[in-house]
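Listed next as structure tokens is one chain, alone, in the form predicted on its own.
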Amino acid sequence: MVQATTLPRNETGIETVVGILKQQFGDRLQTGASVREQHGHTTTWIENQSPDAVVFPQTAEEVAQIVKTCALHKVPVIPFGTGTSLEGHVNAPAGGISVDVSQMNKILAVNAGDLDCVVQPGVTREDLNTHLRDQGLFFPIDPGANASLGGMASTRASGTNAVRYGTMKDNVMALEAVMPDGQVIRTAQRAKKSSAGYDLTRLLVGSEGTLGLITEITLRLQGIPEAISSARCSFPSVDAACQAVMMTIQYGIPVARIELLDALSVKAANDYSKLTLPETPLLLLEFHGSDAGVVEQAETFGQIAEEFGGSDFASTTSTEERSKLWQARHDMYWASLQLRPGASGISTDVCVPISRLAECVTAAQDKAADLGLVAPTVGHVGDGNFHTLLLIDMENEGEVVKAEEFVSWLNDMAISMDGTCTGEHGIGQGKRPYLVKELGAATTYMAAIKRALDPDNIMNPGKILPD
């Protein structure tokens, strides 16, 4: 595992807080080693840094109670949703209390006429969409994993639908949050727009729990489309596929999803999901609209794809066929692991302007090959975002060093292309060195906001900003 920075521990404060919270929460506070290790699990190669205790609140008032106690004794607070984050967000480098919001899982209100809803942070996106289905509504942000909505807001999550519906920052209308002093605030009302004061909603969205702990979220919803069509098309190269993406966006075709799988990813999907796709770069698309509209959009894309050497084009409105293709896309992590049994999968992402996408993806593939790394690549290419999954033997020090070299090189390259070191995974611990490279002096103002709101640095310390 890659060693993570350890921060100074407040041993006396931690012992005191654990004792107080144990009296207040009883069995809803756990200190067993396995539970603590689970709540330090990072789903990546950063070493596990377990909290000293895990508490399971059920209300915002209980979260405020936890934070006030921790603030009084200067003990870290680390929010935890479902643990699917990828850059060490839930680690506890200074120890402290993990606040697991899984029992705060109520859908508080659905305002169908206003196309919005209010949920607690432990509600997952799949649970919400199951609840909404009978009302003809859905929440469009789909990062792949069945993440909690609180975690998705905290990391400014994105996913396969972002090209049409945006990311979490575009779909969170308001938040309730517990601030570092234990005060509960609301950042906005349910109005569709407002000019009232600083935009605290977007300040907290993407702050990864370093400024406050989200206890309630007001989300923008969408109507379930009248019709949905999916399409797939194979290409002779990644460059040709990316050129087709650029042309599709420039033509103004309202694609809901447009995903790239490189040849290695297609091979993995074929083997794992029992498909028979040509093992060359592949685009998967989805169109939302009227019955006639989605067919027309798919046909127009087919014509564009043909200009760039696209082949084996097929489209369908069959729910079963669409589901099979998109399930294969969502299973890509597990499918890719089968390319090298026993290896660990290290996922990293960057995002660049679409005009640089083909260059960036091709260079990443060449770099991985030069280093001798097995590295299937997939991407939400409609917005220039792609993910490389490095399949690494973590017991092989040489491979780990090469993987670190690749990740560092990829981040630097994306930044040099006017892109970002992370399109949707967030900074956490793993990408802290690159934030300064990307944003420069702006990080000093971020640090000033952090100090002003959290002078004792108890809210998820060791994340986002340099020490």
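Numbers follow the displayed sequence, beginning with 1. Being a predicted model, the structure only gives us computed values, none of them experimental.
Form predicted in complex with another copy of the chain: not shown, discussed below.
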Practice task
Indicate whether residue 115 is a 4.5 Å heavy atom neighbour of another copy of the chain in the predicted complex.
Solution key: yes
Handout entry: Residue contact check: residue 401 to another copy of the chain in the predicted complex, 4.5 Å heavy atom
Key = no
Handout entry: 4.5 Å heavy atom contact, residue 36 to another copy of the chain in the predicted complex
Key = no
Handout entry: in the predicted complex, residue 12 touching another copy of the chain (heavy atom, 4.5 Å)
Key = no
Exercise for the section: Just give me the single entry in 407, 54, 46, 435 that has a non-hydrogen atom within 4.5 angstroms of another copy of the chain in the predicted complex. Expected result: 435
Problem - Single option in 327, 318, 146, 183 placed near another copy of the chain in the predicted complex, where near means a heavy atom within 4.5 Å - result: 183
Exercise for the section: Could you tell me which of 319-327, 124-132, 243-251, 279-287 sits within 4.5 Å of another copy of the chain in the predicted complex, going by non-hydrogen atoms? Expected result: 243-251
Problem - Triple contact flag 158, 200 and 424 to another copy of the chain in the predicted complex, non-hydrogen atom at 4.5 angstroms - result: yes
Problem - Residues of stretch 428-465 in contact with another copy of the chain in the predicted complex (4.5 Å, non-hydrogen atom) - result: 435, 438, 439, 441, 442, 444, 445, 446, 448, 449, 450, 452, 453, 464, 465
